[in-house]
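Quick setup: one chain, the form predicted on its own, written in structure tokens, and binding and motion questions come after.
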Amino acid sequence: MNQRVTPGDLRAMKERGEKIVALTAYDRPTTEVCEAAGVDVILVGDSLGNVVLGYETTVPVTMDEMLHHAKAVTRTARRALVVADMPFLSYQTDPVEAMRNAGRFLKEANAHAVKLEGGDRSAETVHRLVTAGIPVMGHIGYTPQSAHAFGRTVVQGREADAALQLVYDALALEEAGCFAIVLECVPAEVARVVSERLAIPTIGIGAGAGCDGQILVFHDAVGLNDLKLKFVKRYAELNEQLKQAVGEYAREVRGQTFPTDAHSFKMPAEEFVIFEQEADDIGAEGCA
């Protein structure tokens, strides 16, 4: 599949039993890596608040910050479906505001879809956006924008009632028009049941192998931070490699072994003679 991935392609992949590969990206370099690896979905997540901007949670992330990073990703992505996270309070307060903000992602940032958190409570908003022609990905389970409400409870749906509510929420989002749903930090058994109940694909993060696809935060997956999470497999330890590389650079600069002639530019010898003479004259005139 060399053409741009579409929401319809993801549904077809589910029907064929093909797993969907998704990762976050917030800039050109990470997008290029995702594209080279053939990632199907790139999420410009509001996780950029924690990962890139230094916030403690995703709550402070603004629309302007999301648009800025979404533009960087869409300028680079050629095949992957680019989904932009709608940040906290960009869609919860007012239907008109939700429509305007979602539209900005498509119109200004050239994103292909938006993602918003919440189950049944967000279904009406999803329906409005989809009716207006804006593809929407849902997100249930642990929803980071509600981190303060969840407190220390991360895994959602451990009790039967809570697990059933996840099923209801997923079905409500499907009926409202979502083309896919992220299931975050949900028991694997529950995620499998939800996935089996839906015609649209589920994309899991900390939700087991029964989902129709998987997503991880790019920086978590490649070890660009010191964060250790149970549901994350680290495929590299780039943080350590980068620390070593920068440390070596610092030592070479301080030890005057970098730069060498191999890293420097030279003037033609005859031009340097002229330059040096003229420079000496300038110095003499200045002293006079």
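Fair warning: this is a prediction, and the values are worked out from it, not measured in the lab. Residues carry their position along the shown sequence, with the first being 1.
Only in words, not in the display: the form predicted together with ligand KIV, which the text now covers.
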Inset, instruction - Scan V126, I205, A191, V73 and let me know which has any heavy atom within 4.5 Å of ligand KIV in the model of the complex. - result: I205
Legend entry - T30 within 4.5 Å of ligand KIV in the model of the complex, heavy atoms: no
Inset, instruction - Examine A80 and determine whether its closest non-hydrogen atom to ligand KIV in the model of the complex is within 4.5 angstroms. - result: no
Legend entry - 4.5 Å heavy atom contact, D212 to ligand KIV in the model of the complex: no
Legend entry - Contact test in the model of the complex: V182 vs ligand KIV, heavy atoms, 4.5 Å: yes
Inset, instruction - Have a look at 252-260, 39-47, 236-244, 222-230 and name the one stretch with heavy atoms inside 4.5 Å of ligand KIV in the model of the complex. - result: 39-47
Legend entry - Residues of stretch 108-140 in contact with ligand KIV in the model of the complex (4.5 Å, non-hydrogen atom): K115, H139
